[in-house]
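The chain that follows stands alone, in the form predicted alone, written as structure tokens.
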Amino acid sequence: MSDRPVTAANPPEVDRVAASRAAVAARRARAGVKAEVAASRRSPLDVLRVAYEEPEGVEGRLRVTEFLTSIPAIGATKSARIMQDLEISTSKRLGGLGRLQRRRLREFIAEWVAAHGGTGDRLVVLAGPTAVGKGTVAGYIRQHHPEVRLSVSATTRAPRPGEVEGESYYFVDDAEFDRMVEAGELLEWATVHNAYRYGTPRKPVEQAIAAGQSVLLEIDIQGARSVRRAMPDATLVFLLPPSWDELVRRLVGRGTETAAEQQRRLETAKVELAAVDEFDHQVVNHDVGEAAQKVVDLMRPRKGRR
């Protein structure tokens, strides 16, 4: 055994051995991720999701060049061109990308997946803060764009004036909602505003996508995150208000909540607005028809988009 003093430059032999083993294990883990992507057993979008959520995890430690070249049909030359177009350094790891770089890379990968047989834009999730007009925009799409299939959510809250069972929502009691959760019948579900539960029935969505139909989910932000975990190829669209003052005006003006509930929803909205960078696209709801058209355009084949 060496008599040399232990210093930062001269760690104990056991530390070097442990570090070497850890490095080998990390390389094998990253190689496993790349192999899964290369064999199409794992979506590249799922790798990005995990890397962004856990920057120091296995996926997050992948270099962007390694990640890109693991995707079928992307070689070293094409990868270099992509990195240049996206303005990403070759030394960057997935977990170390900046906010705009993350968004640009995910948008590119989403387009690649859609063009190479993924669900891509066939499943679009529309979410945003309370009172931003998600339901109104979705209703406009239902009325004016029959080619788009809207998923109908289940909820434990009571119907509001004008809402139709099976069209606006499936209105269920707590016992039935519990049964749906336990049976695995919901793609996602969440408790919203510390009050009612909302969830997306899984089977109709999966059947529509399998049939090649476009499906729009109009759900809350918690639900959008759950859908991304369950179906990484989904495209997430964040609906924004023209301004904070306009959001407040819309919430108060609709008159469907008590003053206390309005205040609770506004506090929630402040938190929800901070999630905008998690989404692939942003649409500002200045005008319902215009916002609806932008969402529908995102669901069309890319060559046909405006």
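So that there is no doubt, residue numbering starts at 1 and follows the sequence shown. All of these numbers come straight from a predicted model, not from anything done at the bench.
Another form, the form predicted together with a small molecule, is not on view; read the next lines as being about it.
With the partner omitted here, the residue from 88, 231, 190, 138 that has a non-hydrogen atom within 4.5 angstroms of the small molecule in the predicted bound form is 190. A single residue from the set 156, 79, 214, 153 has any heavy atom within 4.5 angstroms of the small molecule in the predicted bound form; that residue is 153. The partner is not drawn, yet in the predicted bound form one stretch among 142-150, 198-206, 70-78, 97-105 has residues with heavy atoms inside 4.5 Å of the small molecule: 198-206. Residue contact with the small molecule in the predicted bound form: residue 112 places no heavy atom within 4.5 Å of it. Although the partner is absent here, residue 92 lies well away from the small molecule in the predicted bound form, with no heavy atom inside 4.5 Å.
Shown alone here, residue 219 lies within 4.5 Å of the small molecule in the predicted bound form, counting heavy atoms only.
The closest heavy atom approach of residue 122 to the small molecule in the predicted bound form falls outside 4.5 Å. For the three marked residues, 134, 169 and 223, a heavy atom of each sits within 4.5 Å of the small molecule in the predicted bound form.
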